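This document starts with two versions of one protein chain, written out as structure tokens and named structure 1 and structure 2.
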Structure 1
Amino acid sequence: MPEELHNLQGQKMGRKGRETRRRIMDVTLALLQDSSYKDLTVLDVVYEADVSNATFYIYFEDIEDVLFACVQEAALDMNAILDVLATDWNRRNLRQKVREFVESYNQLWEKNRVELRLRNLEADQGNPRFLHYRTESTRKIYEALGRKITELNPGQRNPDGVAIVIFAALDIIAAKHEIGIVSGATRQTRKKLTDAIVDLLSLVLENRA
């Protein structure tokens, strides 16, 4: 049952309206793949979307508004990752499960690279909307991760902190695959860094203090 969507003028959006709105978002994402979002202008978008600039303002407040709309649409399948964390991890399947977890997060990035990158850049610059959104959409993951740590390695005194740190690293590694740059590192193969994360997390979980 689809919600009733309205444009910024308060009108109910029909098929045509929804299509136009969609096209603006699609074009925006397409443009972000090429150029930096830093200099993405309303004019660029409307030119590419082949609508008049006045039309833009029927559906969005400004550029940031489209960007946020794009980001919001993206991360819906976070569930795949949570599913992995919901299964039973034990001594025998540990490495396998850890790898599944890491890979599922990588896949999320693979699918939504543009949106997630955008989310991070804006959040890193302190943009509250994006900051809050990032927190909300990732909280479940590192909380679940924290619980896993506690569960498998009850001796770990600081499970939440470790979870956050691991997750931070995971996020970066996943994020930087494309441009191949990790915090000053030269290009590294995906495999090497993924393995390192897997190693690290496994170590944390296996280790009995």
Structure 2
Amino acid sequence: MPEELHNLQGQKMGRKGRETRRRIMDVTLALLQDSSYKDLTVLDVVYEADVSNATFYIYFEDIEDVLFACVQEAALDMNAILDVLATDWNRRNLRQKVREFVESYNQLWEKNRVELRLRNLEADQGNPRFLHYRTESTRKIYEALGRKITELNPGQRNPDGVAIVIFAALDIIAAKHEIGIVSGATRQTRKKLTDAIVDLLSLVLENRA
């Protein structure tokens, strides 16, 4: 059953309302493929979405409000990552499970790259709305990872801290996943970066780091 949504007037949205809201969000994301959201205006969006200004303001307060809704929707895809963390990890399947975990996060970024880049940009610039949501929407992932570290490496003195550091590195790597990272004459491809985070997390879980 679809989640119950309400417009800014407090009215429950029916099929038509949901479709209109969805169209505004899709158009906004499409426009962001070629431009910064700082340059995006409500007029740009309503023109491309073929809706009126009045209709836009039934569903959203401003452009940031649209973008925040897109970021919230992208976070729903994190369930696939939590599913990997919920499976049994043991010494025999450890590297396979670690790779599944890392790849599932890379896939989240590949599917929602515009939304997640925007989330990080706004959070890093101190936008409290996006900063709070980034923390809360990813908390379950790094807490579950911390429990895996405790389970497989009970001697680790600060499993939660280690989980947060590894997850932060994973987020940076996933953000660079399409192009890799170039530093001077050294190029780290997406495959090398993925292998590196798999190696790092595996070493922690195997109690060798």
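Please note that residue numbering is based on structure 1, beginning with 1 at the start of its sequence. It should be emphasised that the depicted structure is a prediction, and the values quoted were computed from it without experimental measurement. We call the rigid core whatever largest set of C-alpha positions still superposes within 1.5 Å between the two forms.
As for origin, structure 2 is the form predicted alone and structure 1 is not.
A displacement of less than 2 angstroms separates the C-alpha positions of L201 between structure 1 and structure 2, with the rigid core held in common. Relative to the superposed rigid core, R23 shifts its CA by 3.0 Å between structure 1 and structure 2.
Comparing between structure 1 and structure 2 on a rigid core frame, one finds that Q11 has its C-alpha moved by 6.5 Å.
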